[in-house]
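For reference, the chain that follows is the form predicted on its own, supplied as structure tokens.
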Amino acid sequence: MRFNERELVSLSRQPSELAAELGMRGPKKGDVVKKRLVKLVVNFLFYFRTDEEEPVGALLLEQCRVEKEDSQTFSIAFLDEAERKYVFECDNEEHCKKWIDSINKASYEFMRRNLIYYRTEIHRLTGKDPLEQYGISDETRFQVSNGQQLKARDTSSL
């Protein structure tokens, strides 16, 4: 996926869902833990040197796995490059859990699954498709992966 550098810098300056100084180790062998300002903005995780305003890098939080390594450490690995792992060290266990939860909820796929679930529940309760009024009820992105619309009984798979 391609990104315009100016747009990414602009996005990195937007209000964040979560931000803190964390220890961060990159995916390369021999990388050491460095203090970074880490900001979660929509579905991007930006990281900055603590004394700079522009990000050193950004991770698009799609098709990735977030795992707790120990009580104060979590990692992010991408499904297409599972061996490349970014490791983050938090101040305490509660902080670590908050980061893991926030990152898991930041992905487009998580939001899409929630939309499909709540759409189905509203349809089950009211008999009406809440997306129909916007003319988008038949769009593929709001369907289950095989292109079929969810029926009320299918919500258990979510």
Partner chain sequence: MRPGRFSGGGKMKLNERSVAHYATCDTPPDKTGFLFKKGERNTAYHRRWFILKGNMLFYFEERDSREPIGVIVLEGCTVELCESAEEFAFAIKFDCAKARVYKMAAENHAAMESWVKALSRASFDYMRLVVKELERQLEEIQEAAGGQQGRPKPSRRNQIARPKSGASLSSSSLSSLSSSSSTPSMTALFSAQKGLQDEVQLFPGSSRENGVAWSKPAAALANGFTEGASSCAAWEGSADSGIAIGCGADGARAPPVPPRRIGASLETPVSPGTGCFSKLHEWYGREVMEVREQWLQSQ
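Small disclaimer: the values here were computed from a predicted structure and weren't measured. Residue numbers count along the first chain shown, from 1.
A second form of this protein, the form predicted together with its partner chain, is not displayed here; the remarks below concern that form.
Taking non-hydrogen atoms only, residue 70 never approaches its partner chain to within 4.5 angstroms in the predicted bound form. Taking the partner from elsewhere, residue 33 is found to have every heavy atom lying beyond 4.5 Å of its partner chain in the predicted bound form.
Among heavy atoms of residue 65, none comes within 4.5 Å of its partner chain in the predicted bound form. In the predicted bound form, its partner chain sits within 4.5 Å of a heavy atom belonging to residue 86.
For the partner-free chain shown, 78, 80, 81, 84, 86, 94 of 72 to 94 come within 4.5 angstroms of its partner chain in the predicted bound form, judged by any non-hydrogen atom.
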